[in-house]
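Just one chain follows, in the form predicted alone, and it is written as structure tokens.
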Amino acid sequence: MLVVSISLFLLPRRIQYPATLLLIVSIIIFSGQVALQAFSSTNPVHISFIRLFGDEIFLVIDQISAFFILVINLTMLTGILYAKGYLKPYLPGKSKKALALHYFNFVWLHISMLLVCMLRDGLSFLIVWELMSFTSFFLVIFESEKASTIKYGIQYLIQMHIGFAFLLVAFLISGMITGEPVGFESLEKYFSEQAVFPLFLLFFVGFGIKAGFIPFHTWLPHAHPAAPSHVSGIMSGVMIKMGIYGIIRVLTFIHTDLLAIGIFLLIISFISGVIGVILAIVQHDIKKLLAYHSIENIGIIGLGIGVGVIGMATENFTLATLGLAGGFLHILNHSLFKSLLFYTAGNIYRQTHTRNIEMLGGLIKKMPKTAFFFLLGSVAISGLPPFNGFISEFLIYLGMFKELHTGDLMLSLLLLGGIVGLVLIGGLAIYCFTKVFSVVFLGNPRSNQTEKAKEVEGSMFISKYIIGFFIVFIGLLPVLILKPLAGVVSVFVTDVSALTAIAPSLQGITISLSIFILVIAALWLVRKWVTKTKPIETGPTWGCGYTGANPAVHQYTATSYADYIGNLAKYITGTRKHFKPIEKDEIFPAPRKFETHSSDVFEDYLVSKPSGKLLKFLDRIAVFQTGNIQHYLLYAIVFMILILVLTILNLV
């Protein structure tokens, strides 16, 4: 595979994309067969992989690995299909080597993510974990001619290495204390003999940085907008889920202190979900908004897993089964609707050359297919029927509501908090996407760029049709996914009968949603029949009784729509308004300018301020860099004298 992928650098430009597509499809076929084999087997599939320093390394694929492999493959397939059309405007300005490098890293990001899900040996796992970070870094900086892209790419790489350091320390501690080879297999013995929570916390920080849990998320809102849209869809759709995979894999070896871990996951997921969606609401950059929504959905996944772990701790199989099933299903669902939203955002950026929501408007007339798929993704991510996001959140809700009557006050309070959190997250998500869709697609164009926009070519919709099919399929026929979900959950819970028990409820949902869709279709047909013989006139969007000269001024803006949330959570969003107020005696006001800016409080205190202080310190000590060779020789002499003195005093 390495030799074949390197050959991309030697191929003609016109062959590079088809060769990459062929490579991706080949990887999907091979790994998909192994994943399906693992799904149909009660025991993990072992494949001899390589001899590393004399030790044989095995690929181990159980049902959890198989589930993530299928999610990775589906998103990588839609990503490479979308990339063909999205990259077309970049082709004249990019050299053959630059394109080959992009495709090469695309292939190896795919391979590295698959290997992350298959390897249990600590050294080999960390190697492919690093490979995943490096390949995604090169994909992020595709537009390397932009200084901001390089800046955010380096910021991403630094934070990934901080996470790597936490993982390395965690693996080393478990290996040193147990005396077993470093890796996941040594965790079983460690967690059975030592305190569980401290080591789990190290793993959680290492994997949580990749997943984007708050406050470890600060790389995510910058890397996603900097990357090309097909890369953003993959990073948000599946790459951040590798952090979730790591947390889940560690949990498979923990059998004690599960209640404390479950409560911890529930609390930090609640915080991530609520703050993530609040920060999304106040954004002007459409891709940055979607990036913050990834944090929100990581919070929903964490809520499901946290509820499941609490159920395992209290031996409540219904709670454990439904919580984990909802969490796992939301991993798949989020990979679908989030990649769809990033691809449609890519359509908008390609045709308007702006990601600023305030500069858009009226695109439903210019780009109707893009508007349809963005609306589909918006409804799905908001957890509304009849689409897939509703089903995964329904499973988590159902598990919590079913067990509220257990009589355990502490458990009831925890579940009530989880329900409130999920309700709050869902409501704010609807608030956010009504803002985005209405400002971007409805009303009149707010700029010349929007007025000249037109729909993208048909090839860029192939991936959207595939994703749309799965979104509708899971939403309308959730019963068909119960068996695969039961197989994944059975790794944690021996009794998964709760999933079988809810089959009638899901069938009722299918019937209700089918009737709803048929009623809508019938009304549409009646309308079409009634208007068949009547003339249809088109005109400008209604101006609410007044059509202003400047649509950009006389329409609702994204800022005004989000103003209430921005003021309510100003200490989180850091919203700042820049304008000159009109004085009382100013009869004829001069032209005014009004702008708002928001900042991430966590980024300010965890990244910006510390790095700013570090740069100031480096500037101060830069005085020693004089460029005079005599000074440098003096530094060496002083250093040797210092070492000599410390040695005489037995201090070194």
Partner chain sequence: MVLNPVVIFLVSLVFPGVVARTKAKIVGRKGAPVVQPFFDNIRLFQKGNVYSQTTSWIFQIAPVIYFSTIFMAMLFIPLGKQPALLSFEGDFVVFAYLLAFGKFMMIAAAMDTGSGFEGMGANREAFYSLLVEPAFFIVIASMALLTNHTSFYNLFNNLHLESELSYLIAVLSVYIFLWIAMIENSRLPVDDPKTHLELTMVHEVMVLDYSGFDLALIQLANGIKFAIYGALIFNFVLPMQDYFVAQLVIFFVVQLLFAISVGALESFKARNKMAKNPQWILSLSALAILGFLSVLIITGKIILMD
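Each form is matched to the other, and the largest set of C-alpha atoms that superpose within 1.5 Å is called the rigid core. This is a predicted model, so every value here is computed, not measured. Positions refer to the first chain, counted from 1.
Not on display, but discussed next: the form predicted together with the partner chain.
The contact residue chosen from 77, 375, 131, 123 relative to the partner chain in the model of the complex is 375, the criterion being a non-hydrogen atom within 4.5 angstroms. Only one of 494, 500, 531, 148 lies close to the partner chain in the model of the complex, with a heavy atom inside 4.5 Å, and it is 531. Contact annotation for the candidate site: 420, 511 and 536 all lie close to the partner chain in the model of the complex (heavy atom within 4.5 Å). When the partner chain is considered in the model of the complex, residue 469 lies well away from it, no heavy atom lying within 4.5 Å. Put simply, residue 461 is far from the partner chain in the model of the complex: not one heavy atom of it is within 4.5 Å. For residue 155, no non-hydrogen atom is located within 4.5 Å of the partner chain in the model of the complex, even though that partner is not displayed.
Among heavy atoms of residue 516, some come within 4.5 Å of the partner chain in the model of the complex. Residues with any non-hydrogen atom within 4.5 angstroms of the partner chain in the model of the complex fall in just one of 140-148, 212-220, 67-75, 565-573: 565-573. Contacts between stretch 345-384 and the partner chain, counted in the model of the complex as any heavy atom lying within 4.5 Å, involve 364, 365, 372, 375, 378, 379, 382, 383, 384, listed in sequence order. Residue displacement note: residue 92 has its CA displaced by under 2 Å between the shown form and the other one (rigid core superposed).
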